[in-house]
Each structure stands twice: as C-alpha cells, then as structure tokens.
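One chain is shown next in structure tokens, namely the form predicted on its own.
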C-alpha cells in the first residue's frame, strides 16, 4: 500500500521549478536538490557566490529575560551575556543529555530573542520550548512567517553591499536590520558552507521579490541542497539526523566547546555523569571512493570500531571524505582505518577538521 505524504513548499517553490531545479523531499519539505551539476555549484560557492533557499528552517520568537523566563535553562550555551545583535551556536538537550536539536540563538534586544532550528524538528522543538518556558515568556513559532535566503561565497559581500548598504560592517556571528527594496530584513553574517556569507530573514510573502533582486546580479547563482551537503561535510559541520540525535550526547558529537559549564541546563547532569562511549571523528579516503552514511568503520586489522554518519566526494581534495563515530582509542589523527562493509573495504586516514582549509569564512 502506498502512503502519500504531503510536503511543505517554501515561498520559492515555483521559482525553483522555473529555473529547472531537480526537486526532492527533505525534512518534510519540497526542496531544490540542484540546478546544474554538483561540481558546477561547488565552484560557484567556493570561488564566487551562491544563493540558497533555506526557508524550510524554523524560527521561534521569544520575549523575556533569559534566566527569569526559562530560556537560559533550555539551551546549553551561554546566552545571558550575549551582546545585542550577536548570535551563538549551541543545542538543547533532553533529560538524558541527548541532543534534541542544534540551534542558533539571536539576541535582538535585552529581552528579545530569535531561535533558529532545523526544519524537520520544528514541531518537536516548539513543544519543548512551550513546555519549559514559564508564563513570563512570550513564545511565537514564526517559521511559516519567516523566509530565509543564504548568500554564500567569497564574493557574497560584494553581491549584497549595494542592495543592503552597511552589511560590510557585520563581523562573524553578528547581525542587524537592513532594507532590501524597502523590505525590512534581518541579515546575519553566518552560514553553513565555510565561506564568507550572509543569512537573510525576511517576511514569507516578500521572499520571491528579494530572491529575484539578488539573482539580478549575474555573478550570483542559485544552488541546492546537494552541494550544500558537500560543503558542510568538507567543513566537518554536523547535520541533525546524522551526527546529532537524541541518543547522542554533545560530548560524543564534539560540541563540548559550546557548553556553558557554569550554569544549570536541561540534561547537564546526565552529560557530566556519562563520559562518551564513542567520539566523532573525520577521515579522508585514500582514493576517490567515498564513504556513505551506514558504512562501517574498521581498524586496519578488520575489527569494527565505528560507523559512518556522513560521507561524500570532496571537490576540494579530489578524494572521498567522511564523518563518523568511533571508539575513543581508535579516533586519533593520522591513524589508518577502513570503511565499507565486511566484503568491500577502502583505506582511509583519520584527519583534523576541517577537510577544506581554503575557505573565506573569516575574510
């Protein structure tokens, strides 16, 4: 029996189809996988500038004092000391210390916050926030009111500075309000590609106008989720459902530097009481053969020591690259490993993150 499941459309779905994008289901959304070849779109992003539709991401608006309303205890990163117009990456955990979702907190005012979460987790996350914020907080799920466009690449500043004068003043992980075609937008200097880039949050109904305006610049090319995955693996960025899950602790996922150890937050006691039984690692194939999620990881004697969570072919390295969890003793930079299955194994070497080191992220 076939079960039909309806997908959400972003406000730009018709634009993607008109531009010839191959559309796929992702996190419950109908999204563009690619417009041209993945290799061509990789070139756009690493050497020029790309435009992504990320309107599937979730946005929660919260008003209240971070500590008094309960927000500070929901997220594991420090937020009470955040300067205005800054943002911080982190996560929220369940009582057992597993990652419910990774997220970015934006401080819009002393008592005014925006939380950006993953598309597939919007409903689950909204329930979690509503359950743990107290009555002094105002909470709004603005995910279907807020569109998100990502302009990424070494030429992204040049592409945007005439449309939104002043964006060139933004430093990494800061944001401000700007006007594009008279439309008020929150623009942050953030991204998921490892390149200089900006994320534009605008009204849902204005997304198409802004999308077309940005694409009027011939140097900007639309790009899809396919190359976005390659880019994020090259940078060793985690993806929920792969490197992050409710059964994975932030220590196992390598997110320990984002934990505020000075405060009490949901799941913190479980995290501190349970040392990681596995740790995230990164490895480079000895050939163009690429690992895939679900592959096993072996030591050079053929003993299973872990599993692959993400893998791809790196256009930057011209080799296969992978992310996975391994037993702690086996996860050492320079160590030889194998990936694949019991019948077919490929040699690889454990490496430092990121794989791609030529990005313009901090330019």
Partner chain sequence: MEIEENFLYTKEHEWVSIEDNIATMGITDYAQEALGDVTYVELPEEGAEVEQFEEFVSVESVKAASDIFAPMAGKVLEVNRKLEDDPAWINKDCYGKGWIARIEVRDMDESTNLMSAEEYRNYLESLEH
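Positions refer to the first chain, counted from 1. It should be emphasised that the depicted structure is a prediction, and the values quoted were computed from it without experimental measurement.
Omitted here: the form predicted in complex with its partner chain. The next part is about that form.
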Can you pick the stretch from 36 to 44, 330 to 338, 298 to 306, 56 to 64 whose heavy atoms fall within 4.5 Å of its partner chain in the predicted bound form?
-> 36 to 44
Going by a heavy atom distance of 4.5 Å, is residue 22 a contact of its partner chain in the predicted bound form?
-> yes
Verify the contact flag for residue 315: yes if a non-hydrogen atom of it lies within 4.5 Å of a non-hydrogen atom of its partner chain in the predicted bound form, no if not.
-> yes
Does its partner chain get within 4.5 angstroms of any non-hydrogen atom of residue 288 in the predicted bound form?
-> yes
With a 4.5 Å heavy atom cut-off, would you call residue 87 a contact of its partner chain in the predicted bound form?
-> no
Heavy atom within 4.5 Å of its partner chain in the predicted bound form - residue from 248, 186, 170, 230 | 230
Between the options 263, 292, 124, 132, which residue brings a heavy atom to within 4.5 Å of its partner chain in the predicted bound form?
-> 292
